[in-house]
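So this first bit is one chain, no partners, the form predicted alone, shown in structure tokens.
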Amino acid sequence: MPDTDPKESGQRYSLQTVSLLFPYFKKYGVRLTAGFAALLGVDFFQLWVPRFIKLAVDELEKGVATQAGLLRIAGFILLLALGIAVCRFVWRYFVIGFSRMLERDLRDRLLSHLLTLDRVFFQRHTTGELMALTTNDLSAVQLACGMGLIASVDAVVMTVAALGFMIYIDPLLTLIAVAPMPVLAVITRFLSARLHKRFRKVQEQFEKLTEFARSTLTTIRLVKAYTQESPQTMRFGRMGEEYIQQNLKLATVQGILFPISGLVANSSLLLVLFFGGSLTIKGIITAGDFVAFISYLFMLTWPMMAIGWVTNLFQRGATSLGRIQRILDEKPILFDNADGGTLQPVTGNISLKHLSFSYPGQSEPVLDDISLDIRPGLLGVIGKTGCGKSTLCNIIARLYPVDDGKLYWDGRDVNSLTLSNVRGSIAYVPQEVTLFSETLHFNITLGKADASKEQVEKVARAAAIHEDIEALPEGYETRIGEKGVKLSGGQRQRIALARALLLDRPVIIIDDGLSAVDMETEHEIISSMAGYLKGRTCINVSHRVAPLVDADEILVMDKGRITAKGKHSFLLKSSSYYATIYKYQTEAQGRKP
């Protein structure tokens, strides 16, 4: 079969993108109905103003006008103006309010969806891109669904109604007045595609700016340490210049569209002044009719002038909505089994059977034919950098998918269990510690916000961080800054460990999570954790042998394989790599002053 026509595919995608908004229009249908009813009220009142002006002008022309009559007409116009003001407030409150609620709901949906995606997605998309989506792009959608929607509906209603009144006054003059409009329609269609393309480039450049600013601020200490302030400023300046250039290209299209809209509108006015004036002189229409016709033409001029602005808003909104839709279309490679079962309680027995794993896009396996039975107790894992230790932890923690029959929890195939059940049974301390710009108490109780003070202090002592915290001016209520910038690397790791211990879960994974503390402190922590590890499964990945000497079992990994396993004493005899590392580390420790 022939490939799908790209144009047809694009049209289907555009319809799918617009359909993203349908549930929100339905959800806020009553609000929108009230808002648009008020908008129609504004248009209705505005359309009657020229009729009263015509009446006054005709009376003045005939010489039959009286002060009382003119005052009465002015009173009617004042009432119409009051009705316009009230209705205008109502439609702004309801419709602009709707656009803000839509923005909020879309932002909530986008964030909720992002939280379902896995590591592969975040390796392909930068934080700056995602921040741009939740700020700039959502703002563009909000404007399109607020003022853009109002202006377009208002333009259609006013155009139809004004044309109807103009035709009623004089059909031929109406035809002359609208003669220039096809020119505007052709130009608008030609320029709208360019608006879409150039706005997309503006948004992409904004993503780069946002990501650069974020990465610079989060690595500010490194930037200063390498005296890169000036180079970073220059790079940011070049990116800002590119952003300006992209905006100028967009403004060029807008700069063409808006003046042409005004030119067409004023051309219509010129034609009406010439031909309408002639008809008035000849007595074919009255002076009142001529004034009313001009008033209706001014009402028609606004839609013509608004075409450029509305087109710009809709193109920006459509571009941004398309970008949001593409993110919402992303699916995690690891998804939850809706019909999956649960383990209650989890005993921490984990089995891997001939498990091999390669990262997406890579052919070389990171784990190669791993078979392993993990039981409650302390399991140590050691090996060279890049041997697959962290990948093994990630697989066990269900951060990457595995084939059926390769990974079992308590005798159950992990793919038959829900993600929440497996992950909810694990307390994970990763290599890269993540802390929030909050208090120490908040960071420790992240997974258990209702923990008591005694519980928090208990796990802090077990992680050998309690004394450090107490030495701070505000203790556990000390705010630690962006990513824990006020703490040392070892302190950050011990905070993360205390957080994991507080969860009191059956499986604890420490993926080289104590690398920044000295060997004695690491050994002390492992020993103090003995009470927590009783009846639990603890997997401790380390580059040091000393903290693992008391482990129930130690794995030695190399090139994605388990090359040796057993207790410390056994490995000293059976594994030359393990014995060499232990000898080197103990000798190095002995040489320290």
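Because the structure is predicted, anything quoted here is derived from the model rather than measured. One rule holds for the numbers: they count along the sequence shown, beginning at 1.
Here the subject shifts to the form predicted in complex with a small molecule, a form of this protein not shown in this document.
Q123 is the sole member of Q123, S363, S371, S230 with a non-hydrogen atom lying within 4.5 angstroms of the small molecule in the predicted bound form. Listed residues Y168, F275, Y359, F190 were compared with the small molecule in the predicted bound form; Y359 is the one with a heavy atom within 4.5 Å. The partner is not drawn, yet in the predicted bound form one stretch among 323-331, 72-80, 466-474, 384-392 has residues with heavy atoms inside 4.5 Å of the small molecule: 384-392. Taking the partner from the other structure, the small molecule in the predicted bound form has no heavy atom within 4.5 Å of any heavy atom of F290. Contact annotation for Y400: at least one heavy atom lies within 4.5 Å of the small molecule in the predicted bound form.
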